[in-house]
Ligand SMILES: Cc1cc2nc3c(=O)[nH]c(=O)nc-3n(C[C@H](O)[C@H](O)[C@H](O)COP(=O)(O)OP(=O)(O)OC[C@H]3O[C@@H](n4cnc5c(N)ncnc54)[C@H](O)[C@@H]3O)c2cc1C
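The chain below stands alone and is given as structure tokens, in the form predicted on its own.
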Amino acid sequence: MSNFHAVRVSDIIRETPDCVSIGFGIPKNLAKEFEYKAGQHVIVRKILGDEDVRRTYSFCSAPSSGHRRIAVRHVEGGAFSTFANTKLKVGDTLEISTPIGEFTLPTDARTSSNYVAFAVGSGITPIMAMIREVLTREPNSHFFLYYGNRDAEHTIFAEQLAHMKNLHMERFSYQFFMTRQVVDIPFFNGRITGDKASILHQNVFSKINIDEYYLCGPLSMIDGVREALVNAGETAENIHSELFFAGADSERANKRSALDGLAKSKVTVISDGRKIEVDYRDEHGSILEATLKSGIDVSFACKGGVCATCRAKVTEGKVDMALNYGLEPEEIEAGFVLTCQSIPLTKTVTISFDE
């Protein structure tokens, strides 16, 4: 179960017309609990109306800076993103979890590495933390960023990126791709695609010896770039990715899967050392929903199969997982599932959130 703490909002910066970054004032007694790695995120929890709204946001600040800052881009119809961009004030309190996530870039001052990142939109957030940390902690390393947006006005952290490039001209470079604004070099017009990644690899990456790749954004970009890099000879284990949104198909797939599942099942939930039996009914839609409606407080955030916050291990029985954007193949092989996307396939199932 995620450990939430009420934390004061220390400052709010308007980054673009549709995005704010939020700084948190972490009390000294919680500083240890809120230590984090570049790339990690927190779950932000807020009661809005009668709804317990939870969303995941990555830190855009560098761990070595001592700051904890997230960026929230407004999404049309988004409950928390609308609140954060229109009503949240300095001095307000938000509940946030302790940092989690495996999409990270460990740094070592003794290393000399070359990193490449592809980001789209708000996918820049964890990448920004990585860039800042590498430039601060690895004086002999280089970072190359390829960043897609619709136009300059809506490019999050544009000024900060320019500032960092001025400070580290020999070690940091970036290129913007624009979908709704014409740029001088035709190659950088439009979306980041696998074809463009192939051209970049042939003309740039293959000549530099890149150590690690980091991809963050929509599924189409991640899949296209990953395939291009693997086809170009890069090792899959050196290509790391995090999906920032799954799209509308996630909810539909979950509902389809629920209709195909058994009408009833007994699910034994192990959480915080306790075993609790939950009645699963097809109207629940997922094991996570059945668990929450039984009153058990387990971790969740996006409910779209992306963030892996609701990850649990199946120790008895079988389940069907409709979508997965958050688990690695070895985790699935070990029996882990995303409970927000899973339904029982046997009369009895046991899942553990404590693994």
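Numbers follow the displayed sequence, beginning with 1. Bear in mind the structure is a predicted one, so any value in this text is a computation, not a measurement.
What comes next is about the form predicted in complex with the ligand, which is not displayed.
Taking the partner from elsewhere, every residue among G78, T125 and C307 has a non-hydrogen atom within 4.5 angstroms of the ligand in the model of the complex. Contact between T291 and the ligand in the model of the complex is not found at the 4.5 Å heavy atom cutoff. Residue contact with the ligand in the model of the complex: R68 places no heavy atom within 4.5 Å of it. The ligand is not shown here, but in the model of the complex it comes within 4.5 Å of a heavy atom of R55. When contacts are judged by a 4.5 Å heavy atom cut-off, V267 does not count as touching the ligand in the model of the complex.
Heavy atoms within 4.5 Å of the ligand in the model of the complex are found in one stretch of 105-113, 130-138, 186-194, 79-87, which is 79-87.
Screening H168, H142, H201, R73 for any heavy atom within 4.5 Å of the ligand in the model of the complex leaves a single hit, R73. Interface residue among V225, A117, L243, I96 relative to the ligand in the model of the complex, by the heavy atom within 4.5 Å criterion: L243. Using a 4.5 Å cut-off on any heavy atom, the one residue of 6-43 that reaches the ligand in the model of the complex is H41.
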